[in-house]
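Listed next as structure tokens is one chain, alone, in the form predicted alone.
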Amino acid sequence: MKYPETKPPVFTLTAGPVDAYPEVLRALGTTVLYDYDPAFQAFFEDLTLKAQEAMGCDLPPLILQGEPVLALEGAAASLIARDDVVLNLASGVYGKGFGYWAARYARKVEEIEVPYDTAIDPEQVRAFLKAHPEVRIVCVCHHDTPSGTLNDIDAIGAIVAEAGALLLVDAVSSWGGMPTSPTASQAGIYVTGPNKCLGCPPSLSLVAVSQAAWEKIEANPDAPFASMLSLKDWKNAWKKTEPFPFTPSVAELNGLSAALDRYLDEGPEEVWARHALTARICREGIKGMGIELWPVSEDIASPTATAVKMPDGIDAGVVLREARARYGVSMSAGRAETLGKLIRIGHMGPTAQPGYALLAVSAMGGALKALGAKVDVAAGLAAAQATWDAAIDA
């Protein structure tokens, strides 16, 4: 008997939205305070400083009241001035997409684009900036989720800083699941959110802004204000003595507080190790079945999502439907250029646990086998289990 589409899946192993931690779900149900109650104003200040500790940024981050697409578009609108030349780095669908936002505000957008199963070469960025010293801003997606690939933003950030430009980073699906921070990447603006590796529902954004980026934003006459896209409006809102630009999402902020507590209590290094192990187990299981990974090299494969290349003649959408119907397991499709070509298995937040990697291998392998693909599910599960056992015994 197959699992009906009208019911929610039993297991959500997607690349976002992800399942929420129990602590977050409980916090979402706590008291919704009036936003100008002194208790809430003190809570928001403490929450911002807790986010600063977790993110490792020099200045208090912004907590914007919308999922990270709001913050990414707001960052483009705020940082990019009408006379700016922008270099956009496109190694996937999301990196490519940011260029369209940049084009709304910049005088000119240049682009380095590579195949979507590879990553940006930092030396290519160095060469481009040397040839084009007029570039003021460089934009990059750290983990381009539709491809499951990583760009080396620390190396890129050092090159951008050396050239005297500002780096704008999309770290939405990487921060909290691997070693990365605004300071390590020398980012001018670093956008992430709690709806991926922190295990929260999609509703808020976290944005680290450097002093140099603030100076550029404040000098930009076109930077939005009194607007949902404004970063300036929220610059000082973290202080309990300052007003909010508009009513904040109180319940979601309660959830974020619980998620940050969990992250800091477990310890960032332990959290990162858990994500990395889950991804490694999953990848070994996929390869053990005889299926290829999407990235050309595992060196650029993200620990927060595994992208699996579909065998010739098999559409990913059909496999996703079969896995959901047969096993109650939901996974993610590709996006745009990668749609139909790959399946993404998320290892973020609550599902960054080794047991879920075994489940993903079993569900994908079983679905592929049911559709006539030549896969060895037993060998895949054995490889995944062996990887897990080796980690336990190490």
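Predicted model, so just to flag it, every value in this text is computed and none were measured. We number the residues from 1 along the sequence you see.
Keep in mind that the form predicted together with a further copy of the same chain is not shown, yet the notes after this line are about it.
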property: Position in contact with a further copy of the same chain when the complex is considered in the model of the complex, options 112, 85, 229, 155, heavy atoms within 4.5 Å; result: 229
property: Position in contact with a further copy of the same chain when the complex is considered in the model of the complex, options 99, 290, 202, 311, heavy atoms within 4.5 Å; result: 202
property: Contact check for 20, 39 and 358 against a further copy of the same chain in the model of the complex, heavy atom at 4.5 Å; result: yes
property: Proximity of residue 299 to a further copy of the same chain in the model of the complex, heavy atoms at 4.5 Å; result: no
property: is_contact(residue 248, a further copy of the same chain) in the model of the complex, heavy atom dist at most 4.5 Å; result: yes
property: Proximity of residue 338 to a further copy of the same chain in the model of the complex, heavy atoms at 4.5 Å; result: no
property: 4.5 angstroms heavy atom contact with a further copy of the same chain in the model of the complex for residue 284; result: no
property: Per-stretch contact check against a further copy of the same chain in the model of the complex, the hit in 158-166, 180-188, 85-93, 70-78 (non-hydrogen atom, 4.5 angstroms); result: 70-78
property: Residues in 366-394 close to a further copy of the same chain in the model of the complex, defined by a heavy atom within 4.5 Å, in order; result: 366, 377, 378, 381, 382, 385, 388, 389, 391, 392, 393
